[in-house]
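Only one chain is shown below, in structure tokens, and it's the form predicted on its own.
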């Protein structure tokens, strides 16, 4: 069997983290089986859909690396080379839905009622084998027993979710439907529609919900529910993908850092866990740090440069080697890329902004002579390396009978304007002798003026 799966979001808001995980599980199953992953935008709710929301969905999937395989060209499906075009839009498929509604009406499987069209729902229980949950039996509720039939086309002519979802899965040859378990209540209706159309339904796999840390269901309003949050806050896509994989699936060997190629090779639907997954931001941050440490130097520099430019830091005047050396000092210190700009922005200005509290504490008359002595030791230092700078500072401190910290703290504020940051000796090496001496001179002048 050629596996065909789909992700079918509604463009009525942002891309929920649960939706992103659903897309990921479908994509993984397609890649594992050598099948086809289809992206379908369910945009029949014209009152709530927006093009902006569509773009958010596309941006999020591309950021995660979830490339789709098919899309429409002049109404015809075509292979599009890993998500270069597409996706399908339900709003462009009205004629297809009308055709199938007519099919039901002609066979007395649907009927007109109060201007709407209703489907004659079977009165028998629906039983199916869920690939993630096992056997499921759906009986009619007491209310449904009185009138189990349901609307498939509203009185305004708009087809409802149940109808278009099934017709698209039928027309697109979907073999497996992987979706959240909040859709289990819909599945009996969908299976009944498939059978009314004279075809066997696809196999279903309902995946567990994502919960907040307190055990409540994660809604759109909850912190961390939007995938855009992680893009904006500087998480790495591979870290987010790794974390989403662990929310409902396990490799069974207690590993937590999982390269995507390894996951593709091992992912299967029966391995989906039954219990709901609690979202743990600290674990995601831990994974993100681990992936930051694994990045190649070139990729880290590229991502760090993007983060700096988004924060308003201009890198144009600086050589690539200088930028790479500067941002490398932050790699071991940050949790996300948005942590980086305030940590290294002092490298990319002519004059640092001296923090008033840091100045008051470290750039005092008592520190002036110590800072001036260190400046004198640095003037002729050759080579101007971190090791040589450290040795010069310690020699100067010893000569003045003070602890190293008495020189370290004022020197840091003079060079960076702050009391915290990368290793002092390494940041001074990256800044270079000329910038360091110029910043020392400015700090000494500030002390004199005060």
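Remember, it's a predicted structure, so these values are computed and weren't measured experimentally. Numbering follows the first chain given and starts at 1.
Another form exists, predicted in complex with glutamic acid (GLU); not displayed. Remarks below refer to it.
Q: Please pick out the stretch from 275 to 283, 177 to 185, 322 to 330, 254 to 262 that is in contact with glutamic acid (GLU) in the model of the complex, where contact means heavy atoms within 4.5 Å.
A: Checking each option against the 4.5 Å cut-off leaves 177 to 185.
Q: Is the gap between residue 42 and glutamic acid (GLU) in the model of the complex 4.5 Å or less for some heavy atom pair?
A: Although glutamic acid (GLU) is absent here, residue 42 would touch it in the model of the complex, with heavy atoms inside 4.5 Å.
Q: For residue 447, is any heavy atom within 4.5 Å of glutamic acid (GLU) in the model of the complex, or not?
A: The answer is no: residue 447 has no heavy atom within 4.5 Å of glutamic acid (GLU).
Q: Evaluate residue 165 for contact with glutamic acid (GLU) in the model of the complex, applying a 4.5 angstroms cut-off between non-hydrogen atoms, and reply yes or no.
A: Yes, residue 165 is a contact residue.
Q: With the partner left out here, check for me: in the model of the complex, does some heavy atom of residue 161 sit within 4.5 Å of glutamic acid (GLU)?
A: Yes, residue 161 sits close enough to glutamic acid (GLU) in the model of the complex that at least one of its heavy atoms falls within 4.5 Å.
Q: Determine the residues of 2 to 17 with a heavy atom within 4.5 Å of glutamic acid (GLU) in the model of the complex and present them in sequence order; the list may be empty.
A: The stretch touches the partner through 6, 8, 9, 10.
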